[in-house]
Every structure is written in C-alpha cells, then in structure tokens.
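Shown next as structure tokens: one chain only, the form predicted alone.
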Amino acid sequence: MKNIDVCLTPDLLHHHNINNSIVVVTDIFRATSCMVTGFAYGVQSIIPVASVEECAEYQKRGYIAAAERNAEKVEGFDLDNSPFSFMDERLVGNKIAMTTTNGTLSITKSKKNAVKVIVGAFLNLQAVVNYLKAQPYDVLVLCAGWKGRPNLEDTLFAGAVVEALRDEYFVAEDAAILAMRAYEASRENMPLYLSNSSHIRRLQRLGINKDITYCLQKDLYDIVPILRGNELVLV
C-alpha cells in the first residue's frame, strides 16, 4: 500500500526519504495559490527560485519577475505575491520567474530527491487529489510554513489531502494524523478556525483581507502545476 505523510516545515524535510515520493508543496498564503491562479489565467510557466538575486537575474534576461519577502513585494520587481496580480492579461503566454519567503524555497529543496514535485492549494485541491490517486508513488505533503516554523493554513491543506486519500494510502506518521484531525475540525469554517493564526494577522496588518478569502476557496481550478526541470508547467 502507498504511504502518505506530511512535513510541517521545509526545515524538517531532511527527516523524510522522498526517493519514491511525489512531493506536494503548499504555501496557501500565498505562493502556491498565486501559482495555481497564474496557470488558470494563462501563464505558460513559472520558474521558482530560492533567492531574490536569482530572480533578478531572470528579470535581466527579460522574464516577468515576482518577488516577495515578509509578505511584501520586493522593490524593483514586476509582481508581488497576491493571486490577484496573477490574473493580469499581460501574463498570458509568458514565463514568470518567482521567489517567495517560503514557497519557492520549499520547491527548490524538494526537487533534488523527489520523484515529482507538484503544487497544491485549496484552489486546486480536488485536482491534486485526483492526480495523486492515479500515481503509483508515495506522497509527502510539504508545508512551506513561515521561516522554518509550521503554520496552520498549510497544515490544514495537508490534512485535507490526507483525509481525501486515507482509504487508499497508509497514514503512518503523527504529522499526517495531526494535519487530518485539524482539517476535520476546521473544514466547516476555515476562516474562523484560522482567525488568530500568525499569517492571517500578518496579512491583515498589511490590509490584504481579500487575498485571505480568495486563497481559502476550494476547487476553483481543475489544474495541477508540476515541476519539469526548473520550470513549473501544467500536467
């Protein structure tokens, strides 16, 4: 039987053997929500990079560049980390280079050893679940967290994936059980459940309430971004 597990922060990734695993990277507020939205609105590909300097190099080569640190746009770049920025018509058919505080770092940490790396958000939850059901590999949901620490919103997404797959995968470890139980407790009203979470407070201080509401919507898009080489493309 295939296994499913959860890594609550990329700082714990070295404890997981992912040589036979599809890694599902999630950063609900807001990197993976941006990526899913961008593809839904016609972006051709997204190159996730760990550092601002790498992203700037792509920008010099003519790529549209999105850079975020501490939930705010980095000065000099084209896009911030709001999913609404990724709905812009001028992005259709274009390649984007992207760096964020947590999400793109998680992708770059995963790609060396994972069988595949895909991007998950509540926005494409069912599409991710359907894709995984058709695959022969184990699954690790990697929560991007916040600067090496776990966060609640990514943990809830991980729990939603575990809950959806628990009849077909062996749920072996406590992190997966914890995430699933948290999702089961929150599923009827996630905004209320998350209302005191650290990243919600961080975004609210920046006046980004509409992003919070948007990112917690389920199944708006039937797409799965997957890493091919150094680029995210659609499956």
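As the structure is a prediction and not an experimental result, all values here were calculated from the model. One rule holds for the numbers: they count along the sequence shown, beginning at 1.
Heads up, the form predicted in complex with another copy of the chain isn't pictured, but that's what we're talking about next.
*asked:* 85, 222 and 235 - do all three of these have some heavy atom no more than 4.5 Å from another copy of the chain in the model of the complex?
replied: Heavy-atom distance to another copy of the chain in the model of the complex: none of the three under 4.5 Å.
*Hey, in the model of the complex, does residue 105 get a heavy atom within 4.5 angstroms of another copy of the chain?*
Outside the cut-off, so no.
*According to a 4.5 angstroms non-hydrogen atom cut-off, is residue 172 in contact with another copy of the chain in the model of the complex?*
Residue 172 belongs to the contact set for another copy of the chain.
*Is residue 9 a contact residue for another copy of the chain in the model of the complex, using a 4.5 Å heavy atom cut-off?*
Contact with another copy of the chain, yes.
*According to a 4.5 angstroms non-hydrogen atom cut-off, is residue 133 in contact with another copy of the chain in the model of the complex?*
Contact check for residue 133: no, nothing within 4.5 Å of another copy of the chain in the model of the complex.
_Interface stretch in the model of the complex with another copy of the chain - options 146-154, 115-123, 72-80, 92-100, non-hydrogen atom within 4.5 Å_ = One stretch meets the cut-off, namely 146-154.
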